[in-house]
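Below you'll find only one chain, the form predicted on its own, shown as structure tokens.
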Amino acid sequence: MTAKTIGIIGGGQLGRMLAMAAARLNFQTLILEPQADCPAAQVANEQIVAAYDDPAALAELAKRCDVVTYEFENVPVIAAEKLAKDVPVYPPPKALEMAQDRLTEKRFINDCGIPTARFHAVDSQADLEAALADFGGQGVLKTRRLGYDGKGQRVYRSSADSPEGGYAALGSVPLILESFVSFEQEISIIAARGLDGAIACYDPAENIHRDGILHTSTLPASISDETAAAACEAAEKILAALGYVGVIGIEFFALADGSLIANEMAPRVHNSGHWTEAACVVSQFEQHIRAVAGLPLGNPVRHSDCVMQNLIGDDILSVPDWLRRDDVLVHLYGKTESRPGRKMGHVTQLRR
């Protein structure tokens, strides 16, 4: 029996696009989001305006929904676990637990037999200095929790960069120091696993970031078929280890020899998969709805080469120019205020 009402925790643009995909398949959607005028509320059937861990709101969500999913990985794990006692929650709360802490995440990925950059846990200034000494004075210091789009990071490019005060500068919270990786491309793969264990992988995208925020995703990526297959194989290992249901995004560094180093995973639909709505019959958003609702997964094959570009901040002013083109899909997120670094929409240019 398929779900009739899908609960979505989080009301940002990803929740918005999930609600749109759900509507196409005749599902109702109920959003849990504290911001009353959130992007997802503009297209969902209804919204519960409350905190993500509000007990009454979670009880209402469980009562009214056949299944619950989420659009971002910082949903409180305790809330997801509590919810899962009363209603199916996909992806499973274990996936949230693995993804919310960068140290836990890297150890989990390594346990799946997938290499990552070298790393050290940093819980004090002394830990930072020892870790930097091990890495020759270089590395990327990150908060273990709540960092995204380049936030919560500090880069040490050489031994000339003094570590003094580095631990305090990032809030004196649990940190991780990651070694630099010499890579040729940054790629990501979008994959899905259904309730029946079936897995579907989209083609890897080649990504370019600006100021820590994804700028473009290009298909096909300039990698070999063997490297693409390795990315899919890694995704399959992670999905199986988590007993995963839904779509996942996994970022990699592709090295000169074609091998891959996993960077991070996101247990949700992913920015680097937005191209799928223009270049595939079944988008990542529909794929996720299919998976969590117990429907057959769709065909992930790409019918067109393409470039997806985020519209960030004042990039929104370029929309009239994009709309004049006949090879571009424009998708705006319903946000009324443009701010530097804020994702306002995206465009996908098909290359025929």
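In this text the structure is predicted, and so the values were computed from the model without any measurement. Residue numbers here begin at 1 and follow the sequence given.
Form predicted in complex with adenosine monophosphate: not shown, discussed below.
Partner contacts here mean any heavy atom within 4.5 Å of adenosine monophosphate in the predicted bound form, and among 246 to 254, 130 to 138, 80 to 88, 271 to 279 they occur only in 246 to 254.
No residue of the trio N310, D315 and H346 has any heavy atom within 4.5 Å of adenosine monophosphate in the predicted bound form. The closest heavy atom approach of E206 to adenosine monophosphate in the predicted bound form falls outside 4.5 Å.
Among heavy atoms of S224, none comes within 4.5 Å of adenosine monophosphate in the predicted bound form. Adenosine monophosphate in the predicted bound form comes within 4.5 Å of no heavy atom belonging to F72. Using a 4.5 Å cutoff between non-hydrogen atoms, S162 does not count as a contact of adenosine monophosphate in the predicted bound form.
For the options L195, L103, A117, L170, the one in contact with adenosine monophosphate in the predicted bound form, meaning a heavy atom within 4.5 Å, is A117. Contacts between 331 to 348 and adenosine monophosphate, taken as any heavy atom within 4.5 Å in the predicted bound form, involve no residue at all.
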